[in-house]
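Okay, so here's just one chain, in structure tokens, the form predicted on its own.
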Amino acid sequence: MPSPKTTTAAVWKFTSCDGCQLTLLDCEDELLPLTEHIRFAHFLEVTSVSEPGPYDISIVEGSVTTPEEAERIRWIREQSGVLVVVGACATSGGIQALRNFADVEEFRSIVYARPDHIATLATSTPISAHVTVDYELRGCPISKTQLLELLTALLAGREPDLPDTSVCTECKRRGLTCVLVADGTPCLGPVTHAGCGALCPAVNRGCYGCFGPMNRPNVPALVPLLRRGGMGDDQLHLVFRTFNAAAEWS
């Protein structure tokens, strides 16, 4: 683990919307105590100043969708003591991984006037498909609380206390009525990784699965309940292909 007094961090963007980097900036006051122990040497969302590595911690947002990104992530891994990937794009390929189920060449020819100028891969893949990842933070965007816990743990030289259960456990902790059982509302909470604090069920909406699948999700047991709520084959097919389109749900 990096030393609390000499920690150098870098934040990197790959194919993404920048939302997870903005979560880091939203920490504001909470980050102030950490600035005594951590220095951001590369963070283009904040400053154009970029210091050369190596870096104690690298935080990576976004998926790999171009040949340049596939090469760059290998360089970042070599330069980083600890590699943290954040968000649905970095952990599962993101919503742009919908290209994995279609013909990307057809898309490119339709969208761009000069598709020959566009260098892209046929798939959008998570960072872990290319290099070894030390820690993952799920979500679209990630949880501010989880991010602060991870950074604090790394600076303290301990393992972070991150959830490893489903959204259903968060509903129980908040004392929420189950929207799936009580109202028949389609909900992916039973198979979705915890971390959002049951944001959608708290306002009587079903979970959309933006934190991706939990460990060993029991999707076959959930599907009959979703069908009972009125979802057909097409809807079932689509509901698992949103924020974490290429994730392994079963």
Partner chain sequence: MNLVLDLDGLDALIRVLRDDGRVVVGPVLRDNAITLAELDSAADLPGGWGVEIGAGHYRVRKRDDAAVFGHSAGPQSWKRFLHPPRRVLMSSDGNEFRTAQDTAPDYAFLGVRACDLAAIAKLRQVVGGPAPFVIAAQCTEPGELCFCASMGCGPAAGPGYDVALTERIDSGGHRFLAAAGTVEGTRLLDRLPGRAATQEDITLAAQDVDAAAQRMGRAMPEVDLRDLLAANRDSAHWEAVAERCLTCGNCTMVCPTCFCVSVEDTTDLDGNAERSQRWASCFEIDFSYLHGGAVRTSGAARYRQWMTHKLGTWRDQFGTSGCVGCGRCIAWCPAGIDITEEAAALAETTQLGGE
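Residue numbers count along the first chain shown, from 1. Bear in mind that the values here come from a model prediction, so they are computed numbers and not experimental data.
Not pictured, yet referred to below: the form predicted in complex with the partner chain.
Heavy atoms of Pro163 reach within 4.5 Å of the partner chain in the predicted bound form, making it an interface residue. At a distance threshold of 4.5 angstroms between non-hydrogen atoms, Pro33 is in contact with the partner chain in the predicted bound form. Residue contact check for Leu147: none of its heavy atoms lie within 4.5 Å of the partner chain in the predicted bound form. A residue is said to contact a partner when one of its heavy atoms sits within 4.5 Å of a partner heavy atom; His130 fails this definition for the partner chain in the predicted bound form, lying far away.
Shown here without its partner, the chain carries Thr169, Ala182 and Leu222, all of which come within 4.5 Å of the partner chain in the predicted bound form through at least one heavy atom.
Although the partner chain is not shown here, in the predicted bound form the stretch 199-220 places heavy atoms of Asn204, Met214, Asn215, Arg216, Asn218 within 4.5 Å of it, in sequence order.
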